[in-house]
Ligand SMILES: Nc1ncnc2c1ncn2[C@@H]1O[C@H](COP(=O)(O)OP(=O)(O)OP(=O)(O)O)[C@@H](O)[C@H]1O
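Below, in structure tokens: the form predicted alone, a single chain.
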Amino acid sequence: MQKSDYLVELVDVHKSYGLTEVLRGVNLAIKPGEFVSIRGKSGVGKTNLFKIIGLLETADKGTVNIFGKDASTLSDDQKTELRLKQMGLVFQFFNLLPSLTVLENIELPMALNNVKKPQRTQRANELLEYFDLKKLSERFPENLSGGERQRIAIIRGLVNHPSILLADEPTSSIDDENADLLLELLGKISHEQKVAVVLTSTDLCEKLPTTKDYLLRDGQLHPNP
């Protein structure tokens, strides 16, 4: 595979906050359709790495190529457009808007992408049907379980047909049963929809259904045996 075919390529990436260097030469390459886990204890820099890949933070040193583009050359507007049109970002605490129904929450990124209302509703309903969650469409987030909220957040991340879905510790706020359902959902997205999925986790031992498994330790990524 040529370098330009990678969705994400990080080479010798460093990131510091004050005197604390959290990333010390991270190398990572992600192909379309891969399911990648990045594990590590709390505070080792997983979220910082998530934000660098998601173009929410900049590296202090090293090369960050996203969709064949050098991130250091992109303007804030270009980064925003890439996030909106080619990435799905899922955060640990869902970030669903409480005043909107499930259907409206899922439609929101499409509205920001200037998709017309009939197409937004059709796409949102198709995804809810595909993942067998149509029964939740008119509920508000406060009436959902933690697992349901996280699955809806993931579906929302898919609405604009992204090439990559980034999920920051998506199982940390939900119980084991819902965590299993969530991992099954992410695996289905990767395998059936050919979307690259990257998730972070503080669980160092649990077997995950990922095609690549890394441990972030001492500021670097290591293959997790």
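Just so we're clear, the structure is a prediction, and the values are computed from it rather than from any experiment. Sequential numbering from 1, following the sequence displayed.
Quick note: we don't show the form predicted together with the ligand, though the next part is all about it.
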Exercise: Gly68 in contact with the ligand in the model of the complex, heavy atom 4.5 Å: no
Partner proximity in the model of the complex: Gln92 to the ligand, non-hydrogen atom cutoff 4.5 Å: yes
Any non-hydrogen atom of Thr47 within 4.5 angstroms of the ligand in the model of the complex: yes
Contact of His161 with the ligand in the model of the complex (heavy atom, 4.5 Å): no
In the model of the complex, the residue from Leu215, Val11, Leu208, Val22 that sits within 4.5 Å of the ligand by heavy atoms: Val22
Stretch from 37-45, 184-192, 24-32, 60-68 whose residues place a heavy atom within 4.5 Å of the ligand in the model of the complex: 37-45
Stretch 143-172: residues contacting the ligand in the model of the complex, 4.5 Å heavy atom cut-off: Glu169
